[in-house]
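As a starting point, one isolated chain is supplied in structure tokens, in the form predicted on its own.
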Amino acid sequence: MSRLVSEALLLRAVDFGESDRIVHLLTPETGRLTAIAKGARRSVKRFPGTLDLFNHLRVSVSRRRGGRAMAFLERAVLISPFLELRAVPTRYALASYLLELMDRMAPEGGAGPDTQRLFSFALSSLSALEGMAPDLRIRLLFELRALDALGLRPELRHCVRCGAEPGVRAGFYVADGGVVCSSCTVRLEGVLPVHLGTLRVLQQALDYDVDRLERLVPGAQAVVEARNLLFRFQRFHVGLELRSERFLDESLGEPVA
């Protein structure tokens, strides 16, 4: 058995059997990690109210070397519960959506700078959202940054087909993951029209620190184009509607399909 002592964010918890709980954790060392907390619903000493959504924890996990068996969560100590996320429905909805995206897309059993960067993004996002009043604009900017942290950064500066700068008549080609210039657009089907102003705002969102995203104020046209672009881009990579997505749309007053 190997032991991991690490920070972790709780992405999801599911009751199992009479007293156990299966937890999905995000750690900087391994990415997503699934573990069983034996007796979690009975043991106040080992898990004193720690296994709730959003919780930032210090965990001790044991894993069988070289095996595929589920890890065992031996102990969890609360660092922060991010209580302010629970105080405002839109904050709760957006935070739930971001963590479900992590749970769905984060690599399991990873290692290195990529998993550390992903954990850092998730932690800093929850912290930043505690002081925000999320609207559609904030949702789109955080969604873009989440996709970037998951290794799905769209190309926004140069045509993904020929490398040229996109020019005034730009488009976004979801299958190739980026912008296409006017010359390449005419040879493709399903290209989404997008203005240069929208691309600039999205690029700024990728360049800014997470806690500065609230300072970006795109115009109405940019918001509409970004919403369409990110919806298609997310669906292409995730492949389905996340459970929290409809709740988020309703919380933000967005039309639900």
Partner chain sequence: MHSSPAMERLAASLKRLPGIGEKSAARLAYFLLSAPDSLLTELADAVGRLKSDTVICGRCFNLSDRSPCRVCADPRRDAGLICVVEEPADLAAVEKSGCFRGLYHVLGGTLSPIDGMGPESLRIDELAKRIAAGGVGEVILATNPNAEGDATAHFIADRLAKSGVRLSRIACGMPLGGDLEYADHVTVGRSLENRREIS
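What you are looking at is a predicted structure, and each value in this text was computed from that prediction instead of being measured. Positions refer to the first chain, counted from 1.
Missing here is the form predicted together with its partner chain; even so, the following discussion is about that form.
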I need to confirm a contact call. Of 115, 185, 96, 125, which residue comes within 4.5 Å of its partner chain in the predicted bound form, counting heavy atoms only?
96
Identify which of 89, 109, 151, 167 has a heavy atom within 4.5 Å of its partner chain in the predicted bound form; exactly one of them does.
89
Contact between residue 52 and its partner chain in the predicted bound form at 4.5 Å, heavy atoms?
yes
Heavy atoms within 4.5 Å of its partner chain in the predicted bound form: does residue 81 have any?
yes
At the 4.5 Å heavy atom threshold, is residue 215 in contact with its partner chain in the predicted bound form?
no
4.5 Å heavy atom contact, residue 65 and its partner chain in the predicted bound form
no
Please tell me whether the candidate spot formed by 34, 200 and 207 is one where all three residues come within 4.5 Å of its partner chain in the predicted bound form (heavy atoms).
no
Would you point out which of 97-105, 127-135, 172-180, 152-160 contains residues with a non-hydrogen atom within 4.5 Å of its partner chain in the predicted bound form?
97-105
Residues in 192-225 with any heavy atom within 4.5 Å of its partner chain in the predicted bound form
none
